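So here's one chain in two forms, each on its own in structure tokens, numbered structure 1 and structure 2.
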Structure 1
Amino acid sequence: MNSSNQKKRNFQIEAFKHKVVVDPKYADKTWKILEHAITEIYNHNASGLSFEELYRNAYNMVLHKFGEKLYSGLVGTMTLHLQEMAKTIEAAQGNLFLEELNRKWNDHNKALQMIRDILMYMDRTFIPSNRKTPVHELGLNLWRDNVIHSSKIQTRLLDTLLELIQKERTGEIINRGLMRNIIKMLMDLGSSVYQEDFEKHFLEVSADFYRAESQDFIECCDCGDYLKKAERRLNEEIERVSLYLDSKSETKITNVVEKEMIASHMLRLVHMDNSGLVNMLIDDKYEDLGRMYNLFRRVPNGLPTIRDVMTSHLRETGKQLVTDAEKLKDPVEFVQCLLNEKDKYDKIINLAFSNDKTFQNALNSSFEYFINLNPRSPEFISLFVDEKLRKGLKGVSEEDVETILDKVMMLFRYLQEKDVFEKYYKQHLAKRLLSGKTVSDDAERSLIVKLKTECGYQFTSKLEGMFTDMKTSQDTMQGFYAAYAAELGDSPTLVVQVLTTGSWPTQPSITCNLPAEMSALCEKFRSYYLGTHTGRRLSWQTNMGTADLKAIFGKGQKHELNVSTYQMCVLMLFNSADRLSYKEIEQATEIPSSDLRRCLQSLACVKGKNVLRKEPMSKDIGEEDAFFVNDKFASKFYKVKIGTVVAQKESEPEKQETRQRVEEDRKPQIEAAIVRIMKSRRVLDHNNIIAEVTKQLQSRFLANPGEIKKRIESLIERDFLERDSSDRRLYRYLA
């Protein structure tokens, strides 16, 4: 037989079919036996009863249609016994009240189990078909109505439970096992009993307790201590639930603690004098900050409150840092302070704010805000890199070099004017490469790779070209010396770097008069180079070179001087003269006056490097000054390096000039962006063009809307675009 289509039949116990003659007093007699048995069970005398016989009696009563009598008899008898129990419980004094209640509850449960066994047949047949309450559930309901809801027990029970919890909160030891049993009893009677008779009042009393306690704490504690107390209270309540309350109460009671102890005092805690959030941030109180984060995240608007205060504090301190006149005197120190600040907050967010993304975003936006308040930030970051790559990274491991470069890149990302950084970086890199002053080619290249990854190949193609030129120049010099070795004999050694005009920072080419022996050598190189490369022009950049000179002073002391090309031109004049005036030097060398003054200053006014002396002796160079070789010059080093060109902060006019060059370079980029956008969109209104151009160029610089407008006008003049005839705000692309 196929079982899948055969519905399972519910087996029913059928009554006898043939007629049975029943004693008219049968029902009363039988019930008396059963009633006596129930009484014996409640009186702990069940051991003398025959359960089999009792079961048969109950079975027969139901069979003979006396189920109703049996059921109502059970309700009556049980009610009487429970009322007796209630009296004993009411009579219990003090602490014995809960113990008595617990004892009687256990008795009732045991009795109920036996009664249910005896009346099993009624439970299974009569009760379902007559829609009555099953025996076990009936027993619980009667206990609820006659004991728990008895007028003398209900309030006393609630008060006792709340009083014990209050004692526990104030540090007294209570009988948790007993508490657990009583609460479990309320839960067994149904969730509504637990909630109405206990939980609702428990939550109200708790709210009052924590409201008062938090008020006391906030008046006398500092923020850190207050948070510790709040955290402890929260943990105590969670523990209380796990020990003797319904697990569903956990969120309800923690909500009460959170609302009263945290949400109600949030702003006051954060802004607390001498101990609030700002003080914690200043003093790196990771533990307190972590506690604040974990508590505030539990309440609505908690984390935004911390984040907003942190952001405004960070922006304020950042603004002070980037506008501090003292810090601006030293670019390296300035950038180091920015890095220290970033490290500090990274650590706080990592250790205390569990690396929360929203906090990281707030940190980034704050840095971007204040770094760009100082227009010299791009220059200073480049100077910082310059200092590190010239000498700051000597003896530092590769990993540490990478870490420093990554930190620089992180600041670079915040810059809105990345093209200004590129301008300075190019100048500084050129000086490092030409003076051979870079600590490590690997570090230089690593940074260029990072810049390339960040900004694309156009950003770094010229920087890479500079490295290529340095390599090519080495090969060129080898070729030159191979070709002219015999001819050159013992003339000075010449090292030329041939720089591709487009790749290197453009310098106005200023020729100075080189010493005769150098001039001849340079001409030889020129003819060699132009002979091997057709269609090229060479112009000497004497302002970027260096020289090594051997010098003998008054008492025969010999030194090798490492100087700039300009300084060499000045010093070589003293081979044929003892005294030269400023004017004579200027005429003989034709070095621009600002460079010449700097050059003479480094030769005559720097202690320990003063190979010349001047009259009158002063720090500044005057037009009437006269210069002599300093015969008394002495140094403990054989090789003496005299003020080579270092990347220094630009003077005001130089700054203006760099700025102008940057502005000029931006014009074609803005125009190219406008044309790209218009080509794909065909027609666009003014505001949208501004928005799109700004978005396209933001990886390099923040485009000025006024400048974009000028570029649009320029493109209209040159017939790339036209204004719409009916709507002046619309532009059309002209193919």
Structure 2
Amino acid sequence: MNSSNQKKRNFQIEAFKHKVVVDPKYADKTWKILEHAITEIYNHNASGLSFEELYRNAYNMVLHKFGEKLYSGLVGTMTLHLQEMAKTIEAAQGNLFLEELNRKWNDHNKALQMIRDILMYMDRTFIPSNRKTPVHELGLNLWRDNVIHSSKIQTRLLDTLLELIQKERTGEIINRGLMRNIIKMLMDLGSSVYQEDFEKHFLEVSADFYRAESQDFIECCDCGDYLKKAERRLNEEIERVSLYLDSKSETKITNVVEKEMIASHMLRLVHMDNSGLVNMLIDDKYEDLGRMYNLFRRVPNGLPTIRDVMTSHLRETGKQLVTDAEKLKDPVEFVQCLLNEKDKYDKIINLAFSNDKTFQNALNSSFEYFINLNPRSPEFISLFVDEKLRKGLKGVSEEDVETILDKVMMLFRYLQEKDVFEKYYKQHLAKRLLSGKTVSDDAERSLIVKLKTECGYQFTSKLEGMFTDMKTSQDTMQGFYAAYAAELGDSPTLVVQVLTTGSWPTQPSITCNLPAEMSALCEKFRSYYLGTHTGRRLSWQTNMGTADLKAIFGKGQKHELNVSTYQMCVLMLFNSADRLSYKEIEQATEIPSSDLRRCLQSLACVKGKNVLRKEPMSKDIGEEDAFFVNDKFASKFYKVKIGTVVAQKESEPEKQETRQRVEEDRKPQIEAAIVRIMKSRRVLDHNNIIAEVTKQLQSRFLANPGEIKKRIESLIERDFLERDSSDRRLYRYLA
């Protein structure tokens, strides 16, 4: 078909069409019918209408190209009816206003549905291709423009709604169903209508309300009460949204409440006298703390505020605790206090702060801060363990033991100077093992496993060596007695523990003179041991041994005395003498004088244990003193344990010594770290070396930068490192 032909035909069709619509008034007449029907629908008078006829008329108008007339007619008619409705609504008095508005809205919706039914064909064909607003949407828009936005309704509607909400906030009962219908209408008209005509103002009024109310509350309530009130208000608003507002309003209105009631008064609440956060923490007010946490988490900076106050309070109380002179007297009590404090806050964080990780971190960093304020914390923690493992765990179930050990490990984790702890722990463990005082081997080993997982193999290898020595010694002794059984006869029983040098805390050992029968026995053991182990050297640690002696006193009282090796040496002298002077004892035994004094003090000056008598009868031991066997010694026990007067805590010089040893031990570790780092980096500047070394060693101790510098210099002297010739801050590794 060619194009001119096509044109011709098109022309003909148009001409033909014009002829068909003979009645020029056809469109007007049809529209009159439809217009009448619309009026009847609005007047609740539709039962007389024929749906089929109306549908067909609307169809015909569109079909015959009168769609535009139909559409504009609809707009006009509907506008008129809505203006009528608006007048009725305006006339409604007082409370009836909302009800009338709701009634008319329902009427309009019903009418709109019916009108859309009639005009369905237009809605389906004419409207999309002419990009007009569909009938339903058109009806909503017209309602909005002619009713909701009419000058006499718009502000009255808003005022009424806000007034009702205000009434409900002050405790009055309102018609929530009606409220929901009206709000729903605003939402149906489009989210912008809801927001502009209601929500915006609602939020402003609410902000004013809560600003004033929170001001009242904060003047007359304590912190806990205030938080309760704020929580209730917040829940009320959330409930209001669910009952009759758009769900999207929830975050907006809760933001208003949060800002006015919480964010604006945050600091004042936290620091409130006698009821603020610190008081809640002191008094373990889990419920109030939980409420504060849940409310503050909703506002920016809320949780950091709580956390900061908690941290500074914790640091302050912790600092007092670790520097309290009273507490320092009893290491076990000291550590128990730390553990109690930790338990208290763990519980608070668990119950009130929903196990918030950031709070746990704050707690940990606070503990780390104040535990290390006291340089004796490592020692005390080790003493605590010592106490527990000596006797504290008797009759305690295995799980409880684990719990206690775990808690100790937690404190251990906070220590910066873990190597100092290790030193003390080794000393205390050595004493426990040698004196046979440890209660539970399992508990000991369990703790060592924990230390190992925490700090690695290196940390515990020596501790494990100590356990091995104990075991080997048992076997050795069995071997010894099996070999010499016949020869030994009824000489005293000797128990030797062979300790590997290096595994045990070293003590400067000055061997004392043992009684003759003992030293003979010792020689036998030495030859047995060296006979089975070649290339070894044995030296006697007489300062660490113990002895059980049978003694018969003047009136025939028999006792078994449990004493130290030194004490044994002294007492054995009295088998052959009644009176001995201090000088004589010192010469005979060659016990170091400080040890001897303590030894004599414990034998002569402790009430109830004084197996010796001294002249003059003073508390202190003098060079000129004389000693006798106390014939009148009496005790209701057969076995008497004579303790040595030892300070459980270290004395000041001992402390210094331990400290020094720790410092010495650190040197090779620092050097090793420097060499490891330089080996991989080859060239590094001073600050970075310090940083890396500190990082590598921090699991064991906090390296002192000055000490690191000294170690670097020592390494330079020994040609491990050199300074860069052009940049003096750079170090170079020399392979």
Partner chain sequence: MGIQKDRVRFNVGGKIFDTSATTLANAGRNSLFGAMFDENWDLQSGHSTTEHFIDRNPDYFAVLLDLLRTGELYLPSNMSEKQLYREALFYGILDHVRSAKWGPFDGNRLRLARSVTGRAPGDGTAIRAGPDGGCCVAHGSMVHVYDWMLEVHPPINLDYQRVNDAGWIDPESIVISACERFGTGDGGMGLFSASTGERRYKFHVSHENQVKSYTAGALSFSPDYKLFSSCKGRSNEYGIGVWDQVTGKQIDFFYEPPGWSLGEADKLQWLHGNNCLLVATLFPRKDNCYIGLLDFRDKSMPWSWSDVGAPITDEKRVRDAIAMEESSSVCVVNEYEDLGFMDLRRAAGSVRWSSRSRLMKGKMPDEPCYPKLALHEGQLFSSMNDSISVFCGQDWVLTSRLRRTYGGSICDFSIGGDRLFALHSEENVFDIWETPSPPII
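C-alpha atoms forming the largest set that superposes within 1.5 Å between two forms make up the rigid core. Bear in mind the structure is a predicted one, so any value in this text is a computation, not a measurement. Each residue is numbered by where it sits in the sequence of structure 1, with counting from 1.
Worksheet item: Of structures 1 and 2, which one represents the form predicted alone?
Response: Of the two, structure 1 is the form predicted alone.
Worksheet item: R666: with the rigid core matched between structures 1 and 2, does its Cα shift 2 Å or more?
Response: No; that C-alpha moves by less than 2 Å between structures 1 and 2.
Worksheet item: Once the two forms are fit on the core, has G76 moved its CA by at least 2 Å between structures 1 and 2?
Response: Passes the 2 Å threshold, so yes.
Worksheet item: Rigid core fitted, then: does P134 show a CA shift of 2 angstroms or greater between structures 1 and 2?
Response: Shift of 2 Å or more: yes.
Worksheet entry | Per-residue Cα shift, H36, between structures 1 and 2 [Å; core superposed] | Once the two forms are fitted on their core, the shift reads 4.1 Å.
Discussion item. Fitting the two forms on their rigid core, what distance in Å separates the Cα positions of I621 between structures 1 and 2?
Written reply: Displacement of the alpha carbon, after core fit: 2.9 Å.
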